[in-house]
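In structure tokens, one chain follows: the form predicted on its own.
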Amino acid sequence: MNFDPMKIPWSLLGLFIVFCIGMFIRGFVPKITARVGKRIGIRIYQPWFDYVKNFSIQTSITHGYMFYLGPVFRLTGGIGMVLFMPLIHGSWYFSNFAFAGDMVLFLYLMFFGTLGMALGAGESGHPYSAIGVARGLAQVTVAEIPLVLAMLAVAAQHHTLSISQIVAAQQGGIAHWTMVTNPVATATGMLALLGSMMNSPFNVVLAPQEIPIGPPTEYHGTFLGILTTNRSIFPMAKIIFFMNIFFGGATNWAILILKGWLIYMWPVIVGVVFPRFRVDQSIRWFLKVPLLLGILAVALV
């Protein structure tokens, strides 16, 4: 990777745009799910008020150092995913710090934030923190198995681990997208995305109808604000990654927003239709159809 310091301001600008898109979606999606349930829902701009409020208050709760580093690790993973991934194909300004093996780094950073939150939860002193840690690591691990298989299939198809080169190979129309040239790998990746986004039926970590605990309850003030920042960046980073790998990437911000919105709505629609799984049901589900599709995708390539 050739580090170009001139890209730093443009990469930070791209990160800010991704954050703003994520904040808008975080306000708009609950409105949609509320309307499905014949409710009014929150205001679309409510996440911005909550964000400012969290950074304007302090917390008096004291825990170990790892408890405070958990949100930092989480945010580091989300920011790293955006900074080392091209946002706009063909644009020097928003190509960020992509390099030859950035797909491997992306998969690592995706798990890095989850592991940091697990370590932070272990320092919280809450008697049920181990439940959240076990649920989160179990589901993330089992969901990444078919995802990794799908990535291996795409990398073998294009003979590269570079996200930029994979996007470049898909230019020229929909017929060149991985969605068309490798539908099995695409189906595997989109099924794995359901667990990665942790919408219903795979929101087994927070389990809002079962145990009213977790990061939104135990973290306060600035620490909750850091988590809120990542809740806008981290999902959008994954959405843009899937767009680059399977759906031809984006050549401008309008296409990125449109494709990102359509991909984002996939787990949202599934979450509205299906109730939440138990932990054992979630794990078994990923070890059935998604795993078999992943093995088939690699075998076909």
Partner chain sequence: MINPILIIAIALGTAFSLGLLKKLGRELSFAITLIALAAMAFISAQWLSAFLTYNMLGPVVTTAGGRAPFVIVLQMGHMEALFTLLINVMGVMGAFYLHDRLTENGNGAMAVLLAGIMGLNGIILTGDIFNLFVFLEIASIATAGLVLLVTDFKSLTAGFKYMLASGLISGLFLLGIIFLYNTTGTLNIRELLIAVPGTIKAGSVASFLVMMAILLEMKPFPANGWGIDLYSGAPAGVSALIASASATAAYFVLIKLLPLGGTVAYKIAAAVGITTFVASNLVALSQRSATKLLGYSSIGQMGLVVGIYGLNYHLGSKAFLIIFSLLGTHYLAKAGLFWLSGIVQSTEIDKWSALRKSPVLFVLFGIFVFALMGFPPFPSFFGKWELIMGLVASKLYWWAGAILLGTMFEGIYLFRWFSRALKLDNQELAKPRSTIYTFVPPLVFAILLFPAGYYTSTYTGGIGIMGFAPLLFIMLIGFLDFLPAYIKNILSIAGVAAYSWYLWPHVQGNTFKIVFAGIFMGGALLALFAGFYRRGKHLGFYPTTLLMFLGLGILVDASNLMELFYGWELMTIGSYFLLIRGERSLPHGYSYLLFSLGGSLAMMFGFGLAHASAGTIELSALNHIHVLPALAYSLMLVGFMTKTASLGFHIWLPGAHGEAVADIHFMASAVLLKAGVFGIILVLSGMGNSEPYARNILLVLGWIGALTALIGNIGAAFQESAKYLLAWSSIGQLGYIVFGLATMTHLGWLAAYGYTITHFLYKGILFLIIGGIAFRVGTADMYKMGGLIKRMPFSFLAVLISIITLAGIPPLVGFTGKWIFYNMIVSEHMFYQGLVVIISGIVAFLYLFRLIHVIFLGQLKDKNRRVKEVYPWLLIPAYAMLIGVMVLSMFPNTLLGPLGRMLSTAFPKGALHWDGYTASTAYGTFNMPIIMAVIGSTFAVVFLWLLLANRRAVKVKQFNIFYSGEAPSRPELTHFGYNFFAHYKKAVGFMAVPLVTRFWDQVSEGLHALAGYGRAIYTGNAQSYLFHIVGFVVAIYLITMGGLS
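Positions refer to the first chain, counted from 1. Since the structure is predicted, the reported quantities are computational estimates derived from the model, not experimental observations.
The next section is about a form of this same protein that is not shown, the form predicted in complex with the partner chain.
Site annotation in the predicted bound form: the residue of L69, I269, L262, I32 reaching within 4.5 Å of the partner chain with a heavy atom is L69. Using a 4.5 angstroms threshold between heavy atoms, G125 counts as touching the partner chain in the predicted bound form. The partner chain is not drawn, but in the predicted bound form it has a heavy atom within 4.5 Å of L152.
For Y93, no non-hydrogen atom is located within 4.5 Å of the partner chain in the predicted bound form, even though that partner is not displayed. The closest non-hydrogen atom of L287 lies within 4.5 Å of the partner chain in the predicted bound form. Partner contacts here mean any heavy atom within 4.5 Å of the partner chain in the predicted bound form, and among 224-232, 182-190, 195-203, 168-176 they occur only in 224-232.
Taking the partner chain as it sits in the predicted bound form, the stretch 35-56 comes within 4.5 angstroms of it through a non-hydrogen atom at Y51, F55.
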